[in-house]
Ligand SMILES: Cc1cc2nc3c(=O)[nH]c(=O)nc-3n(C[C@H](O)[C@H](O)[C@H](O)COP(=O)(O)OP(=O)(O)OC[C@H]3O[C@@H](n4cnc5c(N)ncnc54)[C@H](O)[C@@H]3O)c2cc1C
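Just the one chain here, laid out as structure tokens, in the form predicted on its own.
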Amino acid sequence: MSTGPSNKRLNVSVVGAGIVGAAIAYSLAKHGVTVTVIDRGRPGGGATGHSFAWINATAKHPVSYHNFNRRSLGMWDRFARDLDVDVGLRWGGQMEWAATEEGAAELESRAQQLQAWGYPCQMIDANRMARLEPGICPRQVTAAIYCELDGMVEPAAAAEACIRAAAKHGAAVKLETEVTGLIVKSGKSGSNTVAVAVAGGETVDADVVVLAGGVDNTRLAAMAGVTVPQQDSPGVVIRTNPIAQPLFSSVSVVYAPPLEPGRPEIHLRQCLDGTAMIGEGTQESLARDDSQGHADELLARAAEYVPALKGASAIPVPVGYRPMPLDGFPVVGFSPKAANVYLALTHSGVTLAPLIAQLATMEIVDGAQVDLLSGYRPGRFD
């Protein structure tokens, strides 16, 4: 759909107030669009609140997707500054080490690939690790890497800030409101609008509907006859009670090897409120054990590497289901099957939110066709 410049003020409904939907709503409202945000819960209350929130282009393949993430990473400073509130954006990089020769070879291969793509990733030794993070006890180190551009953020705080900022620009916000249907209405001039039906019988009319509902996007898109398949992607992280002292002196995100063979690696960061967030495996690992026992065991493993965690209490977080398009790549753009419906679905929502918000606004408001999104269009699933 190409809307293009017009004297008529564009009316857009954004379904979803996670980090992606909230960022799009804020960007649209800043550009003078009449925006209504609808979410069945609270801002950042879904997958956004479960995200490990590592801002990076380190773990993104192939190079086109790596560059897509890197562009968004470079936008985060300005994006957060414009929100005029501390959303926990912190830089410092990501440090990871291996304890086996096989792990060392994998890190060396990864560093070489990232360097070839122009992404700073240094091979470092145990001495450099100790200078970067003296509070870590890494045990065996066969190789380590340091990716200096990576950062972290508090995504729920960022989503909330976006919604508040959108409201200041005139957006209407309907929270704890379930969407029950999408109804395309044909106008006399041949143009269409979309009515978003919500629980209680109310409808919200819009020129364009943005579906940014995360895992709900498959169900929401189906209401408009659009197919957006997703993988089942459960994930588990835990938190601790607030820890008064900083766990790390400079690095934002730490990946540590398994304590024994056959176990997954662990990753951790310290949040703005002093709590630690700990997960295991990669960001794409599937996990469903959200028991207290598993939380205690995960914290104990992390404390072997970060002694400042000893004595902390583990707080299990209910398993979260993460957005994951079927092929793993973002789904962004107007649907060929429903011209007034704009899809915004991605696994890496925290890293990509500023970029997707900017590009979606250009396409919806200005009628642009952004080449950067050509590989991520919804029509590939038709």
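In this text, all values refer to a predicted model and were calculated from it rather than measured experimentally. Note that residue numbering follows the sequence shown and begins at 1.
If you look for the form predicted in complex with this ligand, you will not find it shown, but the lines that follow are about it.
| field | Candidate stretches 111-119, 230-238, 97-105, 124-132, one within 4.5 Å of this ligand in the predicted complex by heavy atom | value | In short, 230-238.
| Contact at G18, L220 and T351 by this ligand in the predicted complex, all three, heavy atom at most 4.5 Å | Yes, all three are in contact.
| query | Applying a 4.5 Å heavy atom distance criterion, does W54 contact this ligand in the predicted complex? | reply | The answer is yes: W54 has a heavy atom within 4.5 Å of this ligand.
| request: Indicate whether V179 is a 4.5 Å heavy atom neighbour of this ligand in the predicted complex. | output: Yes, V179 sits close enough to this ligand in the predicted complex that at least one of its heavy atoms falls within 4.5 Å.
| query | Any of the heavy atoms of T48 lying within 4.5 Å of this ligand in the predicted complex? | reply | Heavy-atom contact with this ligand at 4.5 Å: present for T48.
| is_contact(Y321, this ligand) in the predicted complex, heavy atom dist at most 4.5 Å | Yes.
| message | If you apply a 4.5 angstroms heavy atom cut-off, which residues in 195-217 are near this ligand in the predicted complex? | response | Read in sequence order, the residues that approach this ligand (within 4.5 Å, in the predicted complex) are A212, G213, G214, D216.
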